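Here you get one chain, nothing else, as structure tokens; it is the form predicted on its own.
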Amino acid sequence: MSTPAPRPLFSLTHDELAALCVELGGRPFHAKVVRGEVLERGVLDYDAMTGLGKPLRRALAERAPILAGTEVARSTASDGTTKLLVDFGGFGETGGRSGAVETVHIPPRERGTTKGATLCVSSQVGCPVRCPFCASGKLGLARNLASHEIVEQYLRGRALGALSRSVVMGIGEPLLNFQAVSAALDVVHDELGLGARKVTVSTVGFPDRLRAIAPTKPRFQLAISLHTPFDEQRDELVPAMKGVPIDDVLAAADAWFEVTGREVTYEYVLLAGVTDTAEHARRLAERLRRRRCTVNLIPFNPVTDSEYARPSAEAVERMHRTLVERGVVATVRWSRGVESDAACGQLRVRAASASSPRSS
């Protein structure tokens, strides 16, 4: 009789893991021991789980590996921001192997602080939204990540340093893989210990999905990538939302606040001469000034072969000042680790380009 194929540890339910422990000669409570070792203590090697007998440790390593992916690249910027490229396998739309996603560990700005890092995790292999200024969608969508693959990003990120916050705004559109994202965040909240106010999910804001999710009282903060106050331009900058009026997105966000009691953050990328003009600032303020929300202004991160450019400091300040003067709460997020692989998704794009066969 052949041995069953291995299954990643966090693809197993609690009951399935307990049954496996018994099958391998252990006791049901050993399942709780294993999860506690990994999620509470950060142990990523069965050999270090001294509360288990050696035979059980060896058998679990073969049948239920803790980590399913493979780290294929790593880059660290001068400010300590570390990007991991983790390959979970799978095949992309062109038939080539493309199961890689990015996970980014961003340490606190204050040196010597006891505050933990922020971890940015991905929800899909590739992205179907295909914003033209973003590297994440350049290769299209390969597949959704499974919940255990999302959990694994947290395990790998925590191994780089303690975490205090998390943002699901890496590669992919979380609302298009919400079941897996939600299941993963249940583990993050209940067993890894990050509270609901410490986790943010970033989306382009599908109105119907937002209205369906809000009544479930999801345990995360919501960020919506708006990027422009003009409908026609948003159709170009956020192709997946083409034909969806900005008013519909804002109305769904208002409903989210009413149902959940949590204010929405609007992410707004500043593209030089494209979305950072005085006209954009005024119109954005008109749309948002009567709403309970925050605008997070993000100066564009340079991307290889992009037609877009990073705005000047003066343009960023003008945009911020206009919003604040008109009663809109606004912040500026100068992204960290910019000199290291430029932008979200760039590490994956470079790795894919390097592995692609050259034409003769």
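Start at 1 and count along the sequence shown; that's the residue number. Keep in mind that what you see is a predicted model, and the values were worked out from it rather than measured.
As for the form predicted together with a small molecule, it is not shown, yet the points below apply to it.
**Q** Considering non-hydrogen atoms and a 4.5 Å limit, does the small molecule approach Val86 in the model of the complex?
**A** Close contact is absent here: in the model of the complex, Val86 is far from the small molecule, nothing within 4.5 Å, heavy atoms only.
**Q** Answer for Asn177 alone: is it within 4.5 Å of the small molecule in the model of the complex, judged on heavy atom distances?
**A** No, Asn177 stays farther than 4.5 Å from the small molecule in the model of the complex.
**Q** Whether His227 contacts the small molecule in the model of the complex should be assessed with a 4.5 Å heavy atom distance threshold; does it?
**A** Within the cut-off, so yes.
**Q** Report yes if any heavy atom of Thr203 sits within 4.5 Å of a heavy atom of the small molecule in the model of the complex; otherwise report no.
**A** Result yes; Thr203 sits at the interface with the small molecule in the model of the complex.
**Q** Of the options Ala281, Ala252, Met169, Val181, which one has a non-hydrogen atom that comes within 4.5 Å of the small molecule in the model of the complex?
**A** So the residue touching the small molecule in the model of the complex, by this definition, is Met169.
**Q** Though the small molecule is not shown, can you say which of Asp276, Glu152, Glu173, Glu102 has a heavy atom within 4.5 Å of it in the model of the complex?
**A** Contact with the small molecule in the model of the complex is made by Glu173 alone.
**Q** When the small molecule is placed as it is in the model of the complex, which of 190-198, 254-262, 282-290, 130-138 ends up with heavy atoms within 4.5 Å of it?
**A** The contacting stretch here is 130-138.
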